[in-house]
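In the block that follows, a single chain appears as structure tokens, in the form predicted on its own.
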């Protein structure tokens, strides 16, 4: 397969498709990285507090690298892409932006009102939702990176090979927890099972097809979303079944994010994440 080592070597159609792909990859990483970072200091045990913070740092670093690649393709600088776009401009799947709120908790106590976002997570956040989302996302990200490491677009292939060294620890983390929770007590198993069923339709939306799928596959940039989804479902359902968990068999994917159609949760996330940068865009810190 011929490889493309420089962005300028791509045709116009391929260039546009690659830009769309890199936006999707970068936005997924940025948004789930931010969601995971929200648990910093609030994790249920110290080990998990550190693990989630570390994975969040990796994911936001992946976003930074992917946004830098976009800049070489003629797009705005990374900080602009992260902090100055509106929700409709993001191409992340809806799965990564979901708020991890369960039924528990009736609201923040008065003495914690200094940070409403953290207070709501502390009092209403459901760790099982974040844990299962991270497991499902890591498995998908690992599959994408394995394929992208052989991409005909060498700058992306090189980046994927580097990311894989970090993501293997993300998948290891998720698999250990799924196996461990499969042997947990009834209450823990029920919470995990409920999280799997709640998140599954949105997780399928990670593989929302786009108009660029066929062209990217034909150019050897990456496999189609359908092919990636089949591989992900085979791997993930095998791990869940081995741990004694089930998943919805006829779930309808939650889509729209790849076209910029998001739920209100993404706008709320961006309002929090972009608040400081928007106070003085372009300022030197």
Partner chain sequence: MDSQWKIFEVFHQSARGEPHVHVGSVHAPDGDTALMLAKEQFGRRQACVNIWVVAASAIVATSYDDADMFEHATDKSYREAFGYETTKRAKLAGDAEEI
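Positions refer to the first chain, counted from 1. These numbers were taken from a predicted model, which means no experiment stands behind them.
Another form, the form predicted in complex with the partner chain, is not on view; read the next lines as being about it.
K.L.:
Decide yes or no: are 88, 98 and 262 jointly within 4.5 Å of the partner chain in the model of the complex, with each residue judged by its heavy atoms?
P.N.:
No: no residue has a heavy atom within 4.5 Å of the partner.
K.L.:
Pick from 171-179, 207-215, 140-148, 189-197: which stretch has non-hydrogen atoms within 4.5 Å of the partner chain in the model of the complex?
P.N.:
Selected stretch: 171-179.
K.L.:
Which residue, 40, 233, 224, 54, is the contact with the partner chain in the model of the complex, using a 4.5 Å heavy atom cutoff?
P.N.:
Contact check passes for 54.
K.L.:
With a cut-off of 4.5 Å between heavy atoms, is residue 242 one of the residues that contacts the partner chain in the model of the complex?
P.N.:
Outside the cut-off, so no.
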